[in-house]
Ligand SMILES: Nc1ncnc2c1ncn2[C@@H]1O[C@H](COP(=O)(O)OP(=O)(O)OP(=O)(O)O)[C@@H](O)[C@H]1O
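In the block that follows, a single chain appears as structure tokens, in the form predicted on its own.
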């Protein structure tokens, strides 16, 4: 990829400081985030457990919405089980369907744990470079008060949603990075495109679970390098990149789990996060047999730092 592959709008100005509470352009597509007030109509159906779709009171992902996505207000959401549990959030499988029609889709609902019990590690480093406008909120976050923890939880969800939306739009335009489509944001719950076998409800495998043949390994490394270039040009480092945060779906390497996404310009540790991401994945690929001539973490770190405008 070359510099002219991105329009001026897609490339961030060198040295520009972006704050997470600067509203991204895609947020205009939906109403304000946050759970709706309690409503008797929100009670689960006693027979099926389905509830009315939360689409109407959530922030929506980028337009145009994919054809497979069910956006009808008559739709209902049915919980099908847990796809993944983690320290910070659990991911649930949800079917959104319009009753008495064939309109349905599977979604992955990522729900961050109650802020009293969440176990985000080293969150102070990731939060550097993120700001809110009110000093009271900044003090609460710094002091880890109950209110501050709730603010932090909201920042993780909003940061991941914003990063996924921007990367999905870039991927749709240039085909150089793959992420799940971010369906909606509602409080600290993200609804994402389900990637996997829709018939069995089985999620796509993580890279760590696979033992790719040499040709496939080389192809996946090439896809990863392209994706990291896109991240750097957008001003990001994943922040926690590993073979466990990469899916392989229909031959494509897909980036997931971006709540800890780092603004490499605004965060004083931006270059260190970028370098750590590269070192972790390069070590995995080298251990699986990729030749050292292809896996050069030092050269890749320097190249990505230049793309991000780091000196």
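In this text the structure is predicted, and so the values were computed from the model without any measurement. Numbering follows the first chain given and starts at 1.
In what follows, reference is made to the form predicted in complex with this ligand, a form of this protein that is not presented.
Student: In terms of non-hydrogen atoms within 4.5 angstroms, which of the given stretches 66-74, 242-250, 282-290, 50-58 touches this ligand in the model of the complex?
Tutor: In the other structure, the partner sits against 242-250.
Student: Exactly one of 95, 206, 186, 166 has a non-hydrogen atom within 4.5 Å of this ligand in the model of the complex; which residue is it?
Tutor: If I apply the 4.5 Å criterion carefully, the residue I get is 206.
Student: If you check 173, 218, 84, 103 against this ligand in the model of the complex, which one has a heavy atom within 4.5 Å?
Tutor: The residue from 173, 218, 84, 103 that makes the contact is 84.
Student: May I ask you to state whether residue 256 is within 4.5 Å of this ligand in the model of the complex, using heavy atom distances?
Tutor: Residue 256: contacts this ligand in the model of the complex.
Student: Mark residue 193 yes when one of its heavy atoms lies within 4.5 Å of a heavy atom of this ligand in the model of the complex, and no otherwise.
Tutor: Yes, residue 193 lies within 4.5 Å of this ligand in the model of the complex.
Student: Closest heavy atom of residue 91 to this ligand in the model of the complex, within 4.5 Å or not?
Tutor: Result yes; residue 91 sits at the interface with this ligand in the model of the complex.
Student: Quick one: does residue 235 come within 4.5 Å of this ligand in the model of the complex, counting heavy atoms only?
Tutor: Residue 235: no contact with this ligand in the model of the complex.
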